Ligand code: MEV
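A single chain comes next, written as structure tokens; it is the form predicted on its own.
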């Protein structure tokens, strides 16, 4: 039996634009997904999933391609979970040259699904690491990140970037642009406050919507490029330790993402509540459509304001997690 964990993340800048080769900056946060993998005597896969912002479920499948679980959970959620975990297990089997390996997999997560905090990436990264170690193979973080990206790329119909999986595997603050993935050194302390509306956006649908808008209107393509400019300025501000400038650029980024149609009433409400409480900056994080916002505030005012904001289900402070994927057992 092997257990691994991997952190969630917030986007400081660059979601959606990163799909088109623009840079993005992300930070791992101290909310984790933990995956336990235990080898079976057959080639089947049994998955127990807990705490994924839905009632926990246990399913077993394998063998016949038409073999699918019959459980009282929304079908898209089950199919997504199966797709990510199936893909992670296939990557582990490939890495260990054990194509017939079966597993009992248990998933526990502190990261809400579809909220823009990288839940799927954290689960996939942790699952690959745990399953390969259970088969007697140790992979470095960069290899785990690459294999996890392949899983997300397939499940998300080719719309995924390397950003989420690299950040989850590497930890800390990271720069991602195409295949150029690296940690950023000397990142200043960033006083994150996260607000969660209890919802979940459809990442594939939102990414496809931006793609359609970008293909139809020149201004949308220009907006994507403008987000790239914000990221580059934001990365320089990080390097200078200028947290106030980082916050102002987060505000710009949210405006550009809103222009691309990926914000929502609940996200905008939380963003403005944070700004009016004195946050240095606030924006949606992730694909949008619902889920989370991230703000910067050294005081408790934004946290308190979000707790009383209609539509905000949860608010919490989040420390930067310097660790990426790690073995827990």
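Numbering follows the first chain given and starts at 1. These numbers were taken from a predicted model, which means no experiment stands behind them.
This protein has a second form, the form predicted in complex with ligand MEV, left out of what is shown; the following refers to that one.
- Checking 89, 246, 207, 256 against ligand MEV in the predicted complex, a heavy atom within 4.5 Å turns up for just one residue: 207.
- The contact residue chosen from 187, 156, 106, 143 relative to ligand MEV in the predicted complex is 156, the criterion being a non-hydrogen atom within 4.5 angstroms.
- Ligand MEV is not drawn, but in the predicted complex it has a heavy atom within 4.5 Å of residue 286.
- Proximity of residue 320 to ligand MEV in the predicted complex: non-hydrogen atoms within 4.5 Å are absent; the residue sits far from the partner.
- The closest heavy atom approach of residue 161 to ligand MEV in the predicted complex falls within 4.5 Å.
- Proximity of residue 223 to ligand MEV in the predicted complex falls outside the 4.5 Å heavy atom cutoff.
- Partner contacts here mean any heavy atom within 4.5 Å of ligand MEV in the predicted complex, and among 166-174, 130-138, 96-104, 199-207 they occur only in 199-207.
- For the stretch 306-323, the set of residues having any non-hydrogen atom within 4.5 angstroms of ligand MEV in the predicted complex is empty.
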